[in-house]
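What follows is a pair of forms of the same protein chain, given separately as structure tokens and numbered structure 1 and structure 2.
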Structure 1
């Protein structure tokens, strides 16, 4: 039996890292039957996949993303992708959201901490990371009037469609209903923003003109859904994973407390060590060779970012969390044309979350009564993060 036929989904969900290590050593490009994907696990090969959209396209056929959201930047390549990205990107520049940490994120984070600071204990996932990420995203997108619960439901239902590789009509019905609901909800808002622009991402998508090119109504709606799916869970997960990483290394936490300049490298190292988004999914446009394996045209390929970030060919002692590591950038936000457009916002959220918690909760530490359980391979995160302070 080949290595790939022995790997089960449950094993990947529980802890994919030992599997990735074995694959990197024995079968760096390997068909894993249980997930129906070729897993590409070495640093160089993952970079190659992400940076070769002519060979490994994000415009898969069928495209679960385009089918569910409408044609969007993550499900397209080439000139179309470049046009959409050039119109959407300006809102994410430092000049546009540089004040976000102080004006938007810190006030929300402080309000959340106010609700539990007297208590001496909390679950930093449900009481902090989740609501922080949802409220920041609502404000950023211009959907403040949408209930947090509704945003979360949209996320779940749209993500159901995005992951519906088997084309299950029941799942698609749920996703299509959510998609229609988002369209209906934002249509009047878009109409108003055309007359009265504001500083939100939605307004920017509606009104930005690059060389005479604008997004159509359908494109605004489709890309808004990508932002909902890409920007909610992953940001929650990075906040939670990074806090768990530093809290489970008390000596390094002490160093960060003494020298706040270490906050940024400590967060980047956490994103490398436990990457919230596991893969870039692509499809080959023609027969091609990778890692000694011939992939047929149309093969579905997952470039495993989380594995590249632990590749011993690129990192010294890769399983160790080390805030002093200086070995270059990681791939948690992918690379190439689909490099995460929201990375700056996600970093602002995480850094601000750390700053507020470390300032306000003295002697913050993990609660020994509640061991942390981290699961998932495509999206990996702790479901709870129980902590205590004095």
Structure 2
């Protein structure tokens, strides 16, 4: 039996890193039957896949993203992709959201901390990272009329479809129902924004012209779902994973406390060490060879970002979390034409979250009574992050 035939979805969900290490050593381009994908696991090969859209296209068929959201930025390539990106990307530039850390993110973070600061303990996932990401996203997108719990439910259900590589019909049924609910909820809002534009991302998506052409209703709805899943997932998981990383290394936490300039490298190292997004899914446009394996035209490929970020060929002692690591950039937010469009906002949220928590919660530390459980291979994060402080 091949290595790929022995790998199950449950194994990947529980902890994919030992599997990736084995694949990098024995089968760096390997078909994993349980998910129907060729997993590409070495740094150089992952970079090559992500940076070669003419050979490895993001417009796959089948596509978990297009199947769940409708045709969208992530599930497209070429002129269509460039058009969508040109409408959405300007909203994420420094000039547009550079004031967010102080004017939007910090007030929300402080309000959340106010609710539990006197208690001496909290779950930083459910009580901080998730609501912070949801409230920032609601304001940024223009979805303040949507209940926070509804937005978070949409995220979970849509993400279930986005990660449904095995084609489980029950998972897809959940995702499709959420997709229809989003469409129904935002349709009247989109109609209003056509008459009364504002400064939100949704309004920008509705009203921006490219060569005299605007996004259709279906395109706005599909890409809004991308923003909901990406905006909540990237920020929530980066906050949770990075806090877990530094809190589980108390000696490095003390260095960060003494030198706030280490906050940024500590967060970036956490993103490398436990990547919140696992893969970039692509499809070959013609027969090609990669890693000594011949891939037929139409082969579905997953460039495993999380594995590339642990590749021994590119990193020294890659399984070690080290805030002083200086070995170049990671691939936690992908690379090439599909570099994560919301990475800047996720970083803003995470840096601000660290600043507020470390300033306001003295001697912040993990709660030894609550072991940390982390699962997921496409979207990986702690279920809870129980902490204590003085």
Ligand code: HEM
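Just so it is clear, the structure is predicted and the values come from calculations on it, not from any experiment. Residue numbers count along the first chain shown, from 1. We call the rigid core the largest set of C-alpha positions that still match within 1.5 Å between the two forms.
Here the chain taken from the form predicted in complex with protoporphyrin IX containing FE (HEM) appears as structure 1, while structure 2 comes from elsewhere.
Fitting the two forms on the rigid core leaves the C-alpha of residue 63 displaced by at least 2 angstroms between structure 1 and structure 2.
After superposition on the rigid core, the Cα atom of residue 157 is displaced by 2 Å or more between structure 1 and structure 2.
The Cα shift for residue 77 between structure 1 and structure 2, taken after rigid core superposition, is smaller than 2 angstroms. Comparing between structure 1 and structure 2 on a rigid core frame, one finds that residue 210 has its C-alpha moved by 4.1 Å.
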